[in-house]
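One chain follows as structure tokens, the form predicted alone.
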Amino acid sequence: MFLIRDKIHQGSPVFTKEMEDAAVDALRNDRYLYGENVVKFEEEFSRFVGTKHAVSTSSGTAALAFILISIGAEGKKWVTSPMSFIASSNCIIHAGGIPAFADISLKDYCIDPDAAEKAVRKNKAAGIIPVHIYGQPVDFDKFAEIASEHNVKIIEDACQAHGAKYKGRKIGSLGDAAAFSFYPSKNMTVLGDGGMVTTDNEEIADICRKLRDSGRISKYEHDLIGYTARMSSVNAAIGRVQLRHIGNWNNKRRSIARIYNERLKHVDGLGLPQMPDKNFEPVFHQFVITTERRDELKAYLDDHGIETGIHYPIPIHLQPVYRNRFGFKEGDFKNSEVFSKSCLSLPMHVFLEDEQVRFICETVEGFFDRR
């Protein structure tokens, strides 16, 4: 059996000498803002995703909001998932829109397409923001059908899905535009806040470029009410290095997920995430299990030196600000509410050794074997 000497962390960002050297070089030789590293990072990320344009921002939240502003979301309702980080909905408010929700599917934890279509009709929504939660791709063809039938926009929240694929296409290249986050907990990071817009739409890209830079069209001329939301050259330099390794890191995450799945799929009372198949290629930003005994299991694992997380314990619609501002209440989105009380994120990062993963599985099995 693997002997625990140090706590097994739930997540662990990658920082290497290669990244340190790139950051120092950017500090010494590049412009701090709008430097060569920013330009190259955008070019390289657009090639990675497979879109014509990539626009860097200061966060994934900013990327989402700027997309919505660029397509005229103000005063309109937008449907998204209540089972996500709050930014997936806050961005709608930042853009002057009105958030609406559709419940998730308990199969893949993503927004349910049938529920999304009903929400579009009920709210006369202008678009949908499907969240590729935990790096799990949504069933995008169904959302494309909704878009075609109801003439609505599809904006991908790809903030947790760098490198994931749907039917062979990279997440972030499927909708009208997409947003990525490079927050330190993501499977790809700039070791600070950072984000990226990806799109084939030149108008969206151009407006997002201006929005991140105070609405500027020249040094002292502005034709939009913009924001200060640029990415620094140092962060971009680190992102460029991480981008070169993300494929291998995602393969490592899938390898860990296969061990978890193989060892835990026979455990009664335990739900496991959707595994890869011919259409879906997740990247397992998180490996999220479900159990009615979530809090007991979390405490048991902690006692055995295994750190876990809960992503997320409160659905967006039940956050105090959403209750107070929009009147949402318990029972509005039952799957999301059930899931939020039963979800648990097991350790998932590239430094995990197979022996550690097996120890985690043995400990989970031991918990459920107790009488």
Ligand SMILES: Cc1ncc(COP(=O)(O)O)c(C=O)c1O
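Residue numbers run from 1 along the displayed sequence. These numbers come from a predicted model, not from an experiment.
One more form of this protein should be noted, the form predicted in complex with the named molecule, which is absent from this view; the next part is about it.
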Among 252 to 260, 288 to 296, 266 to 274, 84 to 92, mark the stretch whose residues have heavy atoms within 4.5 Å of the named molecule in the model of the complex. 84 to 92
4.5 Å heavy atom contact, F328 to the named molecule in the model of the complex: no
Taking heavy atoms and a 4.5 Å cut-off, does F48 contact the named molecule in the model of the complex? no
Would T61 show up as a contact with the named molecule in the model of the complex if we use heavy atoms at 4.5 Å? yes
Interface membership of P282, the named molecule in the model of the complex, 4.5 Å heavy atom rule: no
The named molecule: the contacting residue among Q242, T199, S233, Q160 in the model of the complex [heavy atom, 4.5 Å]: Q160
By the heavy atom within 4.5 Å rule, which residue out of G175, P137, G127, G194 makes contact with the named molecule in the model of the complex? G194
Would you mind checking 113 to 135 for residues with a heavy atom within 4.5 Å of the named molecule in the model of the complex? V131
